[in-house]
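Consider the single chain below, provided in structure tokens and representing the form predicted alone.
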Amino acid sequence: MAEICFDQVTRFYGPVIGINQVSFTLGPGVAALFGANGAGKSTVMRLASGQIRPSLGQVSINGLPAWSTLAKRHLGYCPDVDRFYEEMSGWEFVQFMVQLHGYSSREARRRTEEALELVGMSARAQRPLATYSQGMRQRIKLAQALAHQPEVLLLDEPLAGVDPGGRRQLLELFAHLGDQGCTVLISTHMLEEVEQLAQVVLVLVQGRLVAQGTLDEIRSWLADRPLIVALEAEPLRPLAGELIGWEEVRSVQIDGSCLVVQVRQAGMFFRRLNAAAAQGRWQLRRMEPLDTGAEAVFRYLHQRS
């Protein structure tokens, strides 16, 4: 079983609420956790990794309390901050971390070699950590999180400072781990990469979980949110004149051969547009929503909350 479970979790920091009644269960695959600064992402990651306990509710890893020693045996954690022994080499640091899991020196060496190869650091692992770039330091943190082959992997901003080529390699690695049955939770601001990678998206706004599902599912729940739509039709100007009188339409602009329509209630607009097109007063050639990406969805959820 590879599972992260939050059950009605609230965490107080004195009078301040870090997260408020957050519940979700994640199984094998890749999930993304995102929100603005202060939304509660770091609190979720610290609770899941057992660094802090919930004020209310329960957090479990594979059915075990997240702060227990038994739970941590199933967990790999790549934090967003560096806590290195800078005089060590990358190899020495990863091997030391593996030995803390209780492996023999021989087994720790084997696992260290495999983990460094996995993250693309074998050729540079003998250099002191103090000489590493930010991207290299991220890879070493990832190697120590992977070396004991955990069933659950928590990655807090794991791609910060990684070059585009390395970012692509690591995204492929995360997808492979998810396919192999690992539960991977990634906290990130890189929403374009969430679109490519995550099977489940968790959106936090001001400490509350406001949406959970695939990005397509979250979009489908927002049928009535404001939207910008590009339309190509013939004849164009009569269509513009008709649309501007619709209650669901906020504005219409003619941009070359297409209309750019700002819509108040997308679901109602599309139903009415389809019905009107079926009457044959004009020929609709193309219809394309312009702001359905992850950034637009997140912005709307944040504004609504």
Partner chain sequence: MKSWWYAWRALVWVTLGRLWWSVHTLLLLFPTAALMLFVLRYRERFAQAQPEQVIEAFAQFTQTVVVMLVVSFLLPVVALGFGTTGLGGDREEGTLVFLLTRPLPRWSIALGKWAATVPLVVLFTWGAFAGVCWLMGPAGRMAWRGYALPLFWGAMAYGSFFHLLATWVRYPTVVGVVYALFVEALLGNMPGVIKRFSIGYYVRSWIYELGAPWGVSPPEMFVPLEATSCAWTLIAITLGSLALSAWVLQTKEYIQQER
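Numbering follows the first chain given and starts at 1. Fair warning: this is a prediction, and the values are worked out from it, not measured in the lab.
Keep in mind that the form predicted together with its partner chain is missing from the display, and what follows is about it.
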Assert contact_stretch over 256 to 264, 43 to 51, 271 to 279, 23 to 31 against its partner chain in the predicted complex, heavy atom within 4.5 Å, equals 43 to 51
Look up in the predicted complex whether Ser104 has a non-hydrogen atom within 4.5 angstroms of its partner chain, and give yes or no. yes
TODO: Decide whether Ala123 counts as a contact residue for its partner chain in the predicted complex under a heavy atom distance cut-off of 4.5 Å.
DONE: no
Is it the case that Thr183, even though its partner is missing from this view, gets within 4.5 Å of its partner chain in the predicted complex, heavy atoms only?
no
- 4.5 Å heavy atom contact, Arg109 and its partner chain in the predicted complex: no
Checklist entry - Has each of Val119, Arg168 and Phe174 got a heavy atom lying within 4.5 angstroms of its partner chain in the predicted complex? => result no
Assert contact residue (its partner chain, in the predicted complex, non-hydrogen atom within 4.5 Å, options Val162, Val210, Ile228, Met97) equals Met97
Of the residues spanning 60 to 74, the ones with some heavy atom within 4.5 Å of its partner chain in the predicted complex are Trp67, Thr69, Lys72, Arg73
